[in-house]
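A lone chain, given as structure tokens: the form predicted alone.
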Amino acid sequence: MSASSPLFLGETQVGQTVRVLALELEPDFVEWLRAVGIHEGERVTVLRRALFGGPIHVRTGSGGEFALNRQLARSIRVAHLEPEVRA
């Protein structure tokens, strides 16, 4: 994958924290995601990935946790963030 290739939430690994760049979904799904705290600019950490293409468990920057199906997660464009260093 090149640096300019798009990355989607459905392609991220457990433990990665990413920033949401765009929600490439139907307006109803975009509205629902925004209502639960997943919107452009939000930080999202992947907590777990279910086996066999099951849901992805994520935590938003505001602390909300959700399970998203993989198809939905493949429509959320993200960018990698460097891990935070805590003093």
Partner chain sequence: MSAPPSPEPSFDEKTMAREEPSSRAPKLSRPEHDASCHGPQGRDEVREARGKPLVALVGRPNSGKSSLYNAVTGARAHVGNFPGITVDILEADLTLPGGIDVSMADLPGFYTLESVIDPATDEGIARRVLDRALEEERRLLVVQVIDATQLALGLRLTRELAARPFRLLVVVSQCDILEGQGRALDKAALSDSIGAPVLAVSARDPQTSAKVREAAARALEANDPLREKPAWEPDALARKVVSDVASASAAARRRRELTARADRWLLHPLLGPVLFLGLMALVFAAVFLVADPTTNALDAGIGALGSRVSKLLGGGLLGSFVSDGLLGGAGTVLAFMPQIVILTVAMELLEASGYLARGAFLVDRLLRLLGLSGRSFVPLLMGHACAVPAISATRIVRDPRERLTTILVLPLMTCSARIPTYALVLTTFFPAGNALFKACIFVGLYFAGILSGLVASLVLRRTATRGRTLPLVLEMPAYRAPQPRVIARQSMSAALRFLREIGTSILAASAILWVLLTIPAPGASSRIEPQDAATSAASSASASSSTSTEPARTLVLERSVGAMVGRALEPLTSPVGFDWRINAGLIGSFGARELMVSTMGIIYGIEDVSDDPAPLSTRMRTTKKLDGSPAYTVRTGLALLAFFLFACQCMSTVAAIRRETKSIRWPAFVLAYTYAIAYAAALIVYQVSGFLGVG
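Source: prediction; values computed, not measured. Numbering follows the first chain given and starts at 1.
Just so it is clear, the following notes concern the form predicted together with its partner chain, a form of the same protein that is not shown.
*Asks:* Please tell me whether any heavy atom belonging to Q16 falls inside 4.5 Å of a heavy atom of its partner chain, as the geometry stands in the model of the complex.
*Replies:* Output for Q16 is no: heavy atoms all beyond 4.5 Å of its partner chain.
*Asks:* Does A67 reach its partner chain in the model of the complex, with heavy atoms at most 4.5 Å apart?
*Replies:* Yes, A67 is a contact residue.
*Asks:* Flag I56 as yes or no: does it have a non-hydrogen atom within 4.5 angstroms of any non-hydrogen atom of its partner chain in the model of the complex?
*Replies:* I56 belongs to the contact set for its partner chain.
*Asks:* Verify the contact flag for L72: yes if a non-hydrogen atom of it lies within 4.5 Å of a non-hydrogen atom of its partner chain in the model of the complex, no if not.
*Replies:* Yes, contact at 4.5 Å.
*Asks:* Can you tell me which residues in 39-61 come within 4.5 angstroms of its partner chain in the model of the complex, by heavy atoms?
*Replies:* Those in contact are H39, E42, R48, R49, A50, L51, F52, G53, G54, P55, I56, H57.
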